[in-house]
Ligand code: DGL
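Below you will find one chain, with nothing else, as structure tokens; this is the form predicted on its own, and questions on how it binds or moves follow later.
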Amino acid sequence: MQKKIRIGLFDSGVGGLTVLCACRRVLPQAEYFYYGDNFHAPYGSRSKEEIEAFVTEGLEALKRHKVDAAVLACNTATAVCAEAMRKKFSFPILGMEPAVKPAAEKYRDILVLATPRTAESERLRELVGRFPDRRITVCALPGLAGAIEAHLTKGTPLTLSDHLPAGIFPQAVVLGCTHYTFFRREISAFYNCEVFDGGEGTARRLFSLLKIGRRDHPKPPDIHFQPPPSSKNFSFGGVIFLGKARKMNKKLFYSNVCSII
């Protein structure tokens, strides 16, 4: 019997659950380990040193479970320390990249919503700079990731419009934080345009990296904008939750995540 591929996912909280769902759609045969650092969420306004320490702790936990690859399912963590983590750990580490490229391939006027750390990062500046013929506005949202985390884990009321910049009329919105994906439909309605996130692209890169199922499935299945799966025909098995909030993340994943992708 062939050994299952082990994939670790790390996020500052619940946002990475959306990436986990996307990866499960593309690679359902793998075994997943999800580490959510909800205790320190959100990361968007924390120092570089703090973020590096928290990410190192999470990846050390995934290392103990002998993962074959890990996904930094957090745009902020990727922007701050992805390269440093690749030097620390021997297994491949994939980062999250805002889906600017697919948005720019379709539209000229694009709004990127991100945490302060991601918005100010050299990584995002380089990405935006690849499309000089597009008008790309990057907007830092200091409170939205934390508000979504609190809303989903504690039931704290959330008024989305309090966090979104108004008076902007983009042709497309790119979500630069995995937490925002929980409200992609509402954000799409707020701006009346198409919304892009990096979950699908990350899942596809993971598929290519691990080269799983190449004989039977030469390309990963199309997972973007599919209707929510029902519990009858979609399995969430093969997921192990780690970290201090593992029970809460598990409950949230099983009950909510499948309805947003």
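Residue numbers run from 1 along the displayed sequence. If you're wondering where the values come from, they're calculated on a predicted model, not measured in any experiment.
Although not depicted, the form predicted together with this ligand is the subject of the following passage.
Next on the checklist: Each of G44, C74 and C177 within 4.5 Å of this ligand in the predicted complex, by any heavy atom, yes or no?
Outcome noted: Checked in the predicted complex: all three residues contact this ligand.
Checklist entry - Can you check whether A103 is within 4.5 Å of this ligand in the predicted complex, heavy atom basis? => result No, A103 stays farther than 4.5 Å from this ligand in the predicted complex.
Checklist entry - Any of the heavy atoms of V80 lying within 4.5 Å of this ligand in the predicted complex? => result No, V80 is distant from the partner.
Item to check | Partner proximity in the predicted complex: V112 to this ligand, non-hydrogen atom cutoff 4.5 Å | outcome: Outside the cut-off, so no.
Checklist entry - So in the predicted complex, does any heavy atom of V173 sit within 4.5 Å of this ligand? => result Result no; V173 lies far from this ligand in the predicted complex.
Next on the checklist: I need the one stretch from 35-43, 188-196, 22-30, 53-61 whose residues put non-hydrogen atoms within 4.5 angstroms of this ligand in the predicted complex.
Outcome noted: Checking each option against the 4.5 Å cut-off leaves 35-43.
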